[in-house]
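Have a look below at one chain only, the form predicted alone, in structure tokens format.
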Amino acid sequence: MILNNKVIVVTGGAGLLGKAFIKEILAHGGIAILTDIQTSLAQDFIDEIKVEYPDQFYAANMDITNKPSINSLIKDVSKRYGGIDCLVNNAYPKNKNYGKKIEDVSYEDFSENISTHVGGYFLTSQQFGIFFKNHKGGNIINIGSIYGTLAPRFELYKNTEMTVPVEYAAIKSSIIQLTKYFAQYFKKDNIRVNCLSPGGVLDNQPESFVRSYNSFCSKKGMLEPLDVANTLIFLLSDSSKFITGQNLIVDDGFSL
């Protein structure tokens, strides 16, 4: 029970990584708060977890780009559980045009995706940071990416409909620097802020892409969501209590 009843808010908890994060937090003794802009997207998952962990789990809608929504969630959870220990910034807001090749990306779409994603991570970190400062400490973990630290390997995407969106690279590199800024700002307030940057995560990609990607790795290749979740547990726990302002890369050697 390494998390020992820590109250942990996970944004984007209805997504691929979010569900894995929730499961591992609960399995390690934490109290998991699943937030998403629309929790109905994961209703079957929520119902299942509620049965298994009725006293350790809570789900609520929250919009990371809306200050009243964030503060309402903070007030609700802190009243319900007596406080909040950790925030995991995992939400992945994007508009309907996200993911185009660079030639087809409009200025408006680029700006909107940067604003909602980076802006949302800023706003949640700001509001939770204020709460943590007033309550004698806390822990913020942002989910970044290896493509926040290195140039895309576009050759992997040949003969597929996939690409690395230019917005993605800008967003994830911004999040890494935002992490360092918040860590420095709150360093004297007993608030840790770190970034977890995974490599590619398996999600029904074409086999040809997976083979090409894996050729850059050490032994496993593309990750399972659990591989990322296991590292998150370390950053949430007191085992990492002297780590702040860092970007921890988990990618089986892809970025070497």
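Just count from 1 along the sequence shown to find any residue number. Just so you know, these numbers come straight off a predicted model, no measurement behind them.
Not on display, but discussed next: the form predicted in complex with a small molecule.
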Proximity to the small molecule in the predicted bound form (heavy atom, within 4.5 Å), stretch among 156-164, 71-79, 84-92, 178-186: 84-92
Is S145 close to the small molecule in the predicted bound form, meaning a heavy atom pair under 4.5 Å apart or at it? yes
Examine I37 and determine whether its closest non-hydrogen atom to the small molecule in the predicted bound form is within 4.5 angstroms. yes
Report yes if any heavy atom of I64 sits within 4.5 Å of a heavy atom of the small molecule in the predicted bound form; otherwise report no. yes
According to a 4.5 angstroms non-hydrogen atom cut-off, is L232 in contact with the small molecule in the predicted bound form? no
